[in-house]
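Next up is one chain by itself, shown in structure tokens, the form predicted on its own.
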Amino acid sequence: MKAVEVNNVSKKFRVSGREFYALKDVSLHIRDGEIFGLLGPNGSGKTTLINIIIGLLIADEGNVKIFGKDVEKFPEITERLGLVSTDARFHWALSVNDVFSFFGMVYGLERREREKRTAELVNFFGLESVLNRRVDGLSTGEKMRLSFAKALMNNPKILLLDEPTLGLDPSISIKLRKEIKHINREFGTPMLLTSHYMREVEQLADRVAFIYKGRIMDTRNVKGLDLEKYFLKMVKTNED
């Protein structure tokens, strides 16, 4: 079964009176249970695609299906997604504990379940010392850990990981990668992963697609692939 289907998706933006394609005829699918890597230079369309998958943007053409349901026709299906992103923003005046409480309520968790889930995630991500600290006082790494923990609050059926270890200490990055693998193996949770760390994608992904200037240029199995050489070759090939 396909957990995510992206079918001929195109998206245009207008900047300074000129239109350009952020995505052009993008098609890919994520199989149930796999980790799918998406590689490409900055500005290639990775985040735009994720925003369309989660319903924050509407495609100009094409469609996205989650477990067979069109995101535009059944927007409630996006409640089954969890997003970890370097662009995650929380209100500056909220404490870390407030963030957990708020998103727990958004996800419909009863108070006892919210508190139980919060305690589990705070312990795993090492957020005990900042639980009562305001978001604007957190370091980049602490904010990223909070973003990851928030994404797991509702035990999502699909995880979208947009540069999940960016700005984290090496020890926390290793721990997060192990947790990503654990969630995937234990629960069969399909995931979409974007990362600039080639080694990270090699360790985690089953398949990878290369996106360049809004187009999917190639899709490969990761096993046996030297991703750093592959990435550099793809960039050079498409710039020539």
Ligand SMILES: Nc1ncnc2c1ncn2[C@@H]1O[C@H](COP(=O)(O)OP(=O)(O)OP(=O)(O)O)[C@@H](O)[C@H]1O
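Just so you know, these numbers come straight off a predicted model, no measurement behind them. Note that residue numbering begins at 1 and tracks the sequence as displayed.
The form predicted in complex with the ligand exists for this protein as well; it is not shown, and the discussion that follows is about that form.
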Partner contact for G62 in the predicted complex: the ligand, 4.5 angstroms, heavy atom: no
Is it the case that R215, even though its partner is missing from this view, gets within 4.5 Å of the ligand in the predicted complex, heavy atoms only? no
Taking heavy atoms and a 4.5 Å cut-off, does K46 contact the ligand in the predicted complex? yes
Please determine whether P41 contacts the ligand in the predicted complex, using a 4.5 Å cut-off between heavy atoms. yes
Do any residues of 2 to 39 have a non-hydrogen atom within 4.5 angstroms of the ligand in the predicted complex? If so, which ones, in sequence order? F13, V15, F20, A22
